[in-house]
Structure formats: C-alpha cells, structure tokens
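The chain below stands alone and is given in structure tokens; this is the form predicted alone.
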C-alpha cells in the first residue's frame, strides 16, 4: 500500500512540480532503487525543459537540480544552464545561476571561463546585491587566471564607500592573494588594503584584518609596511576590550570576539622577532589577559590567542609568566579540548620557560588520570619533559604509577621516556636499577631491544650492588616469567652472581635462604615455559652452564639439563648446548676459566677489551651486542693453547696465520697460528704485544641528525673491509634504516648482514654495516652509498659519494 502511494504521488507530478513536492517524493521512497527511479525521471524532465528556448521555470528547474546534486547524483548537465542564467538580467535567475556555478563548477573545468565576463560586468552593476553575488562566486571558485584578470575590479571595490561591498571585496581579495602566487599580480590589492584605522565599521575591519594577515604572511615587504599600523591596532583592540555592551556584536559578554581573535593574530605576526612592535603591544596584551572573562568558551578563545601572541613575540618575562598561568588555568577546565590545547602549548615552551611551567606540575600530573587517550598522551609527554634532577624521585613515582594502568598503546612510549629520564637524572645507581626493574616488571614486553644490554651494563658497573640486584631479580623471576626482558636480565645475573645468591647474605635487602635446587628449578622453569622466547632460553641455558662453576652439589644435574638441548629444534640453542657439552667432556679442565665472571662492560670504549689495551682496531662495543654466551677467557698456559683452539671444532688441521685479529666483544679469544708458540702466547696476554695504530674513522655523511662514519681495514693486497657506522642524534627514533652500496664494475662487493635496522634517539645505539671489497685490477676505488630510513612516519632517502678511504695506500687501491 505504501509503495503504491509513492508511485501514485510521483505520477501525479507534472514537469513543473514544485521543489517541495519533489523532495517529498524522494523522501517517501522506501528503497534506494525507488529513490533512483524518482530522481532519474525528474532529471529527464529537467533536461527536456533546459532544451526549450523559452523556459519560464529555469530557476525553478536549476534549484531542483541542485538538490539532486546535494544528494550525490550526477548533475553536470546543468553547468551550461548556470552560465546562461548568470548572464540573465533578472536578479532571481542570476542568484540561482551563481549558486549553481559555485556548486557545479570549479576552476578545473573549462565552463568556468565562460562566466568571467559576466562576473566582470556584474562587479560594475549598480545593484549592490548583484555585485555581492559576483564577489561571492569569485571568492568561491575563481581560478588563478580569473583572479589575475579581475584583480583591478576588486581593487576598485576595495575603495568603495559601501561597507557591504567593501567587506565582501576584502574577503574576495584574500582568495586572490592565495591563488595568485606571484605577488606582483596583486600589488594593487596590497596598496588598497589601507590601514585598519581607515575602516571603523566592524564588519569591514574584520575583512581588512584578514586580508592584511594574508598579505603579511606571504610578503616580507608588506609585513614591514604594516608594522607601522601596530599603534592603530592597539587602539582598536583597547576599544573592543573596554567597550560596553553592544547587542549587535556581543557574544556571551565579549564584544566582537571574532574580530579580537583576528587582531591578536595579526599582532602576533607583526611582533614576531621585532622588539619595537612587541614593546608597543605589551601593555595591551596584559590588559586583555586580565580583563577577559575565562568562564565562557568565547573568553577562553580570546585568552588562548592572547597567550599565543605573548609567547611568539619578544614579550617581557612577567607577561610570559602570566601567559603560562593562563594555560595553567586551562588545565583545570572541564572541557577536554581546552585542556588538550593548553598542554600542547606548554609542551612547546617547556624548554624556554621551564620554571614557569614547573609551577603547574601537579595539575599536569593529574591529567595523566584523564579518561581521554589524547589528553593522556599529551600529559605524558609534558610530564616527561618536566623531569629534572630536583624532582626526579617524585615525578618518577607518578610516572611509574601511570605506567601500571596506562593503555597498551602508551606503554612503550612511557617506558622509553622513563628510561631516558632515569639515565639523565638518577640520584644513585641503586635507584636507577630499581626504577628500570620496576618498568620491566610492569611493561617488560613493551620496552626496546637495547634495554636488556643497557641494564646489564649498568649492573656490572655497580659492583657493590651485585648481591642486592641478584636477590631482587631472583624474587622477580619466581613471581612472573612472562616479562621476557626481565627474565633475560634475571637469568644473566643469576648466572654471573649465583654464588652471591646462594650465600644468602645481603645487607641491602631481606636475607632469604636459597638452595642450589631452588635456583636450578627456576632456570629450568624458564627453559621449559611456552612463554619463553628463543633468546630467553639462550640466556637461561648459559646461566645454567655458568652455575656449574659456582655450585658444588648439582653439577650432574646441570650436565643433564645441557645435554637435553643438544638436540633442540632451535639451531642457536642447539649450538650452545653442544659447545657446553664439549666443555663438560673434553675440556672440563678449562671450564672454570672459560665460565668465570664477566668483567665490567665499558660502554662505547674503542681500543679496549677485557680491560686491557690491545694493538688491534676495536670497533665501538654497542650495548645490544652483549651476549652472556661469550664469557671471558683469561691467559692460559702454553700446553692448553691447542686445546683452546680445538675447543669447538675438534679439527686437527694446521691453522694458517691471519694478518689481523678483531675482538668485537668480551669473549673467547680465538686466533689462528702455525704453532702453539709465541704468537698464541702473545695473543693470550703472556707476552707484551707491540701496539699498532688503530684504523682511522672519518665521517662521510651528516644530515638531519643522521651521521655515517667509515673505517677501513686492508685484509690483503686486493682485499678491503669497510665498516659503516650510523648513529641518530635527533629526539625521535628512526626505523627501517638500510644502507645500499655500489662500486665500479671491476670491483667485487659483498655486504654482510647489518647489526640492526633501527636507530634509537640521542645516539643511544648504533647500526654497523660491514662491506667486503675485492679490487683485483687495483682501479681507483669509489663507492656510492644510499641511505634510507623512516622518521616520524615519513620516509627519507639520500645518497653519498665516497671517493677516499682512510688508512689505505693510494697506489694499492
């Protein structure tokens, strides 16, 4: 019955059905298909009437077509009708024609050029409303060519006495300035802008201020010219602030807030980096900041624009403190949008006005409890920026409390910020270790990969806290083994300082009696847990092996645990187990020396290994490269050297000497030699080696905070090893970092796997890429390196040409 009524209603519609009846028929359609049928029949009727030469309902038909366009259906066939109606002398048709042009035409269509002459004629029309139609259309869809042709007409209207036309001409001039990029084409408009004092009527003044803002942002010469109008703008603004109630322009008790915001924005542009203009507006800004009502949204809008102006010009220190206090009041507002913009503004000035922002630290910390995720993120960023040496304990307590309850998407950012703040402002090593362990316990799965080696390096340096740390990590391991980073550090410490744990004597913490079986049970739980990653199992297996030299009653149990993983499906874990089994069987007499305690790990200490200076060129030791499976080997007697060389391979071959030996990390020092004589004893520290000059490292690329250095090591007459080291000095992390190299065709190139693909901020870690070159023809060696990475969501790519390689004989390469 309902469907029948809709069709009967439309069949009763004549070709000249009113717009209201067409809308009623469309809204009465029950399905999308029925709606399309109604619109198609009506569009066909409109097309037929457009073809008629004498059509009295042109505006009526175009109005219906515009409604169809608003519904999303094609209406392009009405473009030419718009052009014809704009040229009509009748105002009713001209009005609908201009409306249709603004909706159906744009500057990319050729039909828009057909109305240029009509707009020019209407700009000179005697009727102000016809002029207004032409100005609105030009400001809405005028192309660059159209704006350039009609700029003289707009210049003439800017000097008109009619305030209604003058306001619309000013707004149209703004569109012309934006479209015509060569400012020479709109110089006449700049000269017609006049001064704000010339336009006393508020609606004209508003349009003039918008035009001046646009001109000043695009042309430095115009900016210098309008700086002379600062006193006039100050007087106008004072009049608005001190004026009484005006029903025509009053909004919530604020006199013309839209004009006030525009004037303040213009003052900010004029006073930027200009002391004279800034001095002229300081008193006004203080007056606006103190006299504007902050209980209404309108007043907050004016105050926020005032704050932005104060912070952007060369204002007095007292005025800046007043601006920060206003932002502090915004933080107490119930509107989350106002709190968000307040924290965004404070984040920008915390570096320059740190003490002023610190006064609102309590309010900012309270915003961490807000339910809105955006407000929480801003509050977290601002709280991390407020951490200093004087408040690190109190701020870290609040941040750790926030970390325990924050959303999952903020945990990684919060943990990274806490690590950086703790490293910079830690009052003691124990506090530093406790803070990092608290983060690992709370958000161990969301921390960066370099957290584990960094904490290990910190623990090894704090020798007086080894007993305290191993006891605390052991209790944490018993409580939760799901946090992989925490479990890895705990296993490492138990393997290194298990003897301190078994003693049960610790002055810093409550004494707990731990037996050997308890410790091995905990490590075996980690090895067998489905939550443990392969890397975590590697830490646990190495810790179990190291305990074989620190306990006395359960060595057989350790041997059985290690032997089980000799057939593990994980290749890395299997290799470690096989090597450890070899230590138990064939080289048991060396096990104590191989598995002794690690020395202090020096962070980024080139030229040193195991605390001794060597003659080799040692690469920078990155924290991410520390592995517990590479223990230190002290000097051994000469009769054990061959056993040492055969430890993992069991080879009986005579080894050939190597021209250079690198020591990338503390671990098993294995060299090759033709005999077990002087060279091997020299390697193990029995003899004093003659120091060699380290390979020079030179920077080859430095741009946007990314630095790339190069060092070379000549392997033979034609062989060369090039080491490229990249670091990131910016405040944001870099991901997807890759290096690609190209050399001449006669040179053979082999790129080894890089050490990573991410560069943390502030040079906390580096990426190393080794390139092996073979130059048999000894051509002039050159290399081109392409650098690609992603920072803050944007991809970057650059190329650097390397023409010289340090430390090489030019004739040889």
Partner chain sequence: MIKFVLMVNRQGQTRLSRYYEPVELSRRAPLEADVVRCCLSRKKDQCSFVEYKDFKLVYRQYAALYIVVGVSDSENELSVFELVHNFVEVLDKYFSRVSELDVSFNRPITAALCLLAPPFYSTTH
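Computed from a predicted model, the values in this text were never measured in an experiment. Numbering follows the first chain given and starts at 1.
Omitted from view is the form predicted in complex with the partner chain, to which the following refers.
Undergrad: Based on heavy atom distances of 4.5 Å or less, which listed stretch (293-301, 221-229, 352-360, 544-552) is in contact with the partner chain in the model of the complex?
TA: After filtering at 4.5 Å, what remains is 293-301.
Undergrad: Though the partner chain is not shown, can you say which of 94, 471, 378, 537 has a heavy atom within 4.5 Å of it in the model of the complex?
TA: Selected residue: 378.
Undergrad: Here the chain is shown alone; which of 516, 305, 434, 713 has a heavy atom within 4.5 Å of the partner chain in the model of the complex?
TA: Residue within 4.5 Å of the partner: 305.
Undergrad: Since only the chain is shown here, I'm wondering whether residue 588 would be in contact with the partner chain in the model of the complex (any heavy atom pair within 4.5 Å).
TA: Judged by the heavy-atom cut-off of 4.5 Å, residue 588 is well away from the partner chain in the model of the complex.
Undergrad: Answer with yes or no whether residue 559 is in contact with the partner chain in the model of the complex, where contact means some heavy atom within 4.5 Å.
TA: No - in the model of the complex, heavy atoms of residue 559 and the partner chain never come within 4.5 Å of each other.
Undergrad: Is there a non-hydrogen atom of residue 180 within 4.5 angstroms of a non-hydrogen atom of the partner chain in the model of the complex?
TA: No.
Undergrad: Mark residue 206 yes when one of its heavy atoms lies within 4.5 Å of a heavy atom of the partner chain in the model of the complex, and no otherwise.
TA: So residue 206 counts as contacting the partner chain.
Undergrad: Checking a candidate spot here: are 70, 139 and 341 all in contact with the partner chain in the model of the complex (at least one heavy atom each within 4.5 Å)?
TA: Yes, because 70, 139 and 341 each have a heavy atom that approaches the partner chain to within 4.5 Å in the model of the complex.
Undergrad: If you apply a 4.5 angstroms heavy atom cut-off, which residues in 261-277 are near the partner chain in the model of the complex?
TA: Contacts from 261-277: 261, 262, 265.
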